[in-house]
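Each of the two blocks below gives one form of the same protein chain as structure tokens; they are labelled structure 1 and structure 2.
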Structure 1
């Protein structure tokens, strides 16, 4: 198991270095003047000073080595060119925490509710409960998230007066954005869990366990659930990687000071190092998630660990 973990860790580091390198050159080579927004209100003589200050007069490779040196030795993800004193690290300490709270709570609800409903659908396939849940799943997947935001604001916030329509800072402010974030994900996990469970129900080892007189509870949790949830586990890293970048619409609707709004602002301002730093951060969260999922896969199903170790 130790060799397997070390191998996956090396792959993760190599992937992150490649992503950081490609992202740097793609972002910094794009057309446009990165300091245009900053000097629009300043004299032309200020441009030269700012160009030298931010190293924009240096060759691309020199800028790359300096950026990677700061990233590796100091953990500096990048400083804003447009706004003096702002950097990605400072923003992560505030905005990333806000986005993470909403996203992780929503993902937990998505996985628990989606897996439970998917199991119910599969175990009672063709019954009324299966048909009702299937209709709700289709609606939840097809309707965009901003529609759920508006509906929740109107019926729960405005009509019901249960929670504030928007704002941040109190526990009650979590209810609407977490619900809006979770609903589409619940439907997605439910859909995949139903399909996976139906496939497992047709396996020979399920028929064998049933023939040996295995109890219904043991059959469901020991044999069906453990094998059916494996495909769902692979979806979790994608959901985690979208915690920071995937909630931009929700943060806008509910006036939440999350990371999504800062990312949109950096793109509109053509602030290259802010964009680069956040892109690397998003990639890092995704790679770390994949790393832990690989380990989890090996723990849940030892056959995967043995197969990968043999390669």
Structure 2
């Protein structure tokens, strides 16, 4: 097991280094001057100062080593070129919490609702409730998230006057974005849970439990639920790592000061180091969660552990 964890860890680090390198050179190769808009009104001497300050006079490779040095020794993800005195770390401190709050709440709703609906579908397979949920699931998967945002905003915020249509700060502001974030995920979890529960229902130990006179409630909670939820649980860590990058559309729509909105803004501002720093942060959270999922799989499922140690 130790060898397996070490191997996974080395892969994770290699992926991260490759991603940081490739994104750095990609972003720096973009044609055009990143400070052009800022310095167009300034005299030549001030322009020179800025060019030196951001290291734009250096060759790309020197800038790369400088950046990596700052990243590894100080954890500095990069400074904004467009806005004076703003950097990625500062921005992360304020906005990551916002994105995380919305995302985690939405994921909690997704898992609970998805698992419940999926179980209902599987236990009443072929009945009316199964058909109705199935249609809803297909619809939820086929509708892009900005359409959900629009529908919620129009009917609940605007027509219904139940919640404010956008903004941030009060608890009531959470309702629409969390709902918009949660709906597509509920459908996905529901689909997986249905398949997994149907698989469990066909197993011999369910037959055994029924045969020995297990009560219906006990059967569902002790035998079916416990086994069916496993594949669903392993999807959660990756979903959690996606909360930072996954809500770009929703944050933009409801003008929430989260990471997604800052990322979109950095792109429209053409702010290279902001994009780079945030991309590295996103990739980092994603890779770390993949690493944990791999280990989790190894711990939960003995078959994988055996297969891994064999090769």
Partner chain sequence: MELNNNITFAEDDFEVIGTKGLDAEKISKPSVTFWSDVWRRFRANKLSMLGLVILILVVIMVCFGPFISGKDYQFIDYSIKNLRPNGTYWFGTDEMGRDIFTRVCYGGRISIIIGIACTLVSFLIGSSLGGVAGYLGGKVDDFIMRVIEIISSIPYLVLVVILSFVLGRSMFSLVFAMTITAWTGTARMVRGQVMQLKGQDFVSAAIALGSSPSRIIVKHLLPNTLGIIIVNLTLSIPNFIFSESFLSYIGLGVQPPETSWGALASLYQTRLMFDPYQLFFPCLMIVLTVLSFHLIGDGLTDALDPKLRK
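Numbering follows the first chain given and starts at 1. Because the structure is a prediction, the values reported are computed rather than measured.
Novice: I need to confirm something. Of structure 1 and structure 2, which is the form predicted together with its partner chain?
Specialist: Answer 2, the form predicted together with its partner chain.
Novice: Are residue 84 and residue 113 in one rigid part when the chain is described as two parts moving between the two structures?
Specialist: No: each lies in its own rigid part.
Novice: Can you give me the rotation of the smaller rigid part relative to the larger one between the two structures, rounded to whole degrees?
Specialist: In whole degrees, the smaller rigid segment turns 16.
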